[in-house]
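Read the single chain below, which is given as structure tokens and is the form predicted on its own.
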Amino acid sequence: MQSKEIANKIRKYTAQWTIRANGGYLAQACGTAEILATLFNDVLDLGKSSGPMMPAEFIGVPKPGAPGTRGETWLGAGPDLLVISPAHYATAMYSALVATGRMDEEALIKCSKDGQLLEMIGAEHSPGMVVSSGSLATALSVCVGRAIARKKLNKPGFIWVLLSDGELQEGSTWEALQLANAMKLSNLKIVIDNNGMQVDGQMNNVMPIGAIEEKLKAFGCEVYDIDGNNLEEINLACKSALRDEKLSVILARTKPWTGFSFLWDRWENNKLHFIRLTELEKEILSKELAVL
């Protein structure tokens, strides 16, 4: 399957979820569809999934003596690992798992109810999710620790972590970057969904973070500033990052309104973070889904 087709499926499945649930994090999936498609299809060496095509019911969070379900089992045994940092991007991850044959499409319906594993805010027991990071900026610090461990153990493979640019408003993100650079973690690769929005609206209207690329470079990062909805640019940046001997960050400028026409109006009105569909939007979305 081509990456473009996978990206369209990610949008399609997330849009269908949003209609069924009368709400969801649709814009995050629309903005990162090409990124996830490229990572899964062209970049990552994940290995075969050992997670069931139809996830079981939730039996509790993993803990000593009761491992429960671990989301990373759907990502395979490596050598690579993909970590989604913003927990509200979970629906995009579930859709990517279905689009790439790691989970049954029916799971998006049957396993997204109370007592099931497919939650809108993902955690470490949710399919494809590795870290419980509802508190944003948690996952990068965890990934730095795991990358250090891999380096000391001479374990092959790369840890790829997808951040949202809103997490750059958190001090712990910069602490993690500083440590990653100090430890020369060339086995850690970072992609930032630079969509310019956070929960309260457009970031420039809430808390501007200034020149991101320059700041990242000042922290010692090799930065690739790309169009995050252009499959070719994403692919080239990822392949280049794999050759870097220093900490790599792909700053992917994404358009979270990509795919469905009504999303642009929500962007302009700061109502794009969580989408509760109006009747007119449901009608528009259903029509546009039919031709996607």
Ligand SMILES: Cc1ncc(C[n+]2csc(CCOP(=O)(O)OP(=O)(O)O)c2C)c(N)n1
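What you are looking at is a predicted structure, and each value in this text was computed from that prediction instead of being measured. Residue indices: 1-based, along the sequence shown.
Heads up, the form predicted together with this ligand isn't pictured, but that's what we're talking about next.
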Verify the contact flag for E222: yes if a non-hydrogen atom of it lies within 4.5 Å of a non-hydrogen atom of this ligand in the model of the complex, no if not.
-> no
Is there a non-hydrogen atom of L136 within 4.5 angstroms of a non-hydrogen atom of this ligand in the model of the complex?
-> yes
Heavy atoms within 4.5 Å of this ligand in the model of the complex: does D104 have any?
-> no
Quick one: does A211 come within 4.5 Å of this ligand in the model of the complex, counting heavy atoms only?
-> no
Whether D80, V142 and K189 all lie within 4.5 angstroms of this ligand in the model of the complex by heavy atom | no
Since exactly one of L185, M197, A90, L117 fits, which has a heavy atom within 4.5 Å of this ligand in the model of the complex?
-> M197
Within 4.5 Å of this ligand in the model of the complex, heavy atom basis, the matching stretch of 93 to 101, 162 to 170, 145 to 153, 177 to 185 is 162 to 170
Can you tell me which residues in 273 to 287 come within 4.5 angstroms of this ligand in the model of the complex, by heavy atoms?
-> H273
